[in-house]
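As a starting point, one isolated chain is supplied in structure tokens, in the form predicted alone.
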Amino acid sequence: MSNISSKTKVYSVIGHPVSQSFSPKIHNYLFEKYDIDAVYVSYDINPDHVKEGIEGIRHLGIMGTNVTIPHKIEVMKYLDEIDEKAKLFGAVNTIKNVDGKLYGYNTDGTGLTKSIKDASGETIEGKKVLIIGAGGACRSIAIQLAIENAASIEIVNRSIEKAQVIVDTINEHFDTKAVAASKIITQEDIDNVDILINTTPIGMGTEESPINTSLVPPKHMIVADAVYKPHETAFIKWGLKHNLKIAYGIQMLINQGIHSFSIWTGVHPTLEDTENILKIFLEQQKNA
């Protein structure tokens, strides 16, 4: 970063707010590691000015941009082309600028499935999945799980209507059997589950858990949390207590960032890179 010049390429994240984003740490580490003359910065864009922000990316020659809350849907209106998978997800979290033409992608789902596969050494194919929450993160994750041939997906959400929309998309496009429910999760619900995923904000900065922690999970179950602050949420601690395989929220964030990096640069970072970025995150949390 000390060798920034007029030739240095710029990449970014846009959102509102973005001051808490860990993405600059991920990408600036990777640019340095792979000797790429680039820098990654954050832009806080007010929701009323998303169009102007996207035009700024186009005309300033910002080479690639991650998109975070609340702009993932709105940005789609202003892009030139959108990847088929991102269309299915209904959201874009990665933009690539090719000579002023903007292409939209979504790496949210693969970020989560890769973290599950890395943690467990297993594939998604044939797995029974229970997802808590039905927001934007759930949609991307659930559809990616269906793309990777999960056997079944149940989505539990307070509003069954939101879950049903995602379920209908999966049942229409994939062989995965999907169902929606609005209920308190019981022992019976988790007894035969292979992967349990929290996509709600529950546990972010609190000791709350999206499920009753007195439940006893099956020994083979994999627990995944989309929340990454704190690193060990109450939900994750419950999984650890029962010696389950764990996919941490920060691993999902790192993996989706690495996927974006590959889309922009064609470079495919290693598992060692993922581990080094995780160390940077944990050190940052310790010093916060």
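Bear in mind the structure is a predicted one, so any value in this text is a computation, not a measurement. Heads up: residue numbers just count along the shown sequence, starting at 1.
This next part talks about the form predicted in complex with a small molecule, which is not shown.
Visitor: Indicate whether the candidate residues 157, 199 and 253 are all in contact with the small molecule in the predicted complex, with contact defined as any heavy atom within 4.5 Å.
Guide: Every listed residue reaches the small molecule in the predicted complex, so yes.
Visitor: Of 97-105, 213-221, 183-191, 199-207, which is the one stretch near the small molecule in the predicted complex, taking non-hydrogen atoms within 4.5 angstroms as near?
Guide: After filtering at 4.5 Å, what remains is 199-207.
Visitor: Within 4.5 Å, heavy atoms only, which of 153, 134, 92, 116 is in contact with the small molecule in the predicted complex?
Guide: The residue from 153, 134, 92, 116 that makes the contact is 134.
Visitor: Could you check which residue among 85, 128, 162, 177 gets a heavy atom within 4.5 Å of the small molecule in the predicted complex?
Guide: When the small molecule is considered in the predicted complex, the option within 4.5 Å is 162.
Visitor: Does residue 138 make contact with the small molecule in the predicted complex, using a 4.5 Å heavy atom cut-off?
Guide: Output for residue 138 is yes: heavy atoms within 4.5 Å of the small molecule.
Visitor: With the partner left out here, check for me: in the predicted complex, does some heavy atom of residue 228 sit within 4.5 Å of the small molecule?
Guide: Yes, contact at 4.5 Å.
Visitor: Is residue 240 close enough to touch the small molecule in the predicted complex, meaning at least one heavy atom pair within 4.5 Å?
Guide: Judged by the heavy-atom cut-off of 4.5 Å, residue 240 is well away from the small molecule in the predicted complex.
Visitor: Residue-level question: is residue 60 within 4.5 Å of the small molecule in the predicted complex, judged on heavy atoms?
Guide: No - in the predicted complex, heavy atoms of residue 60 and the small molecule never come within 4.5 Å of each other.
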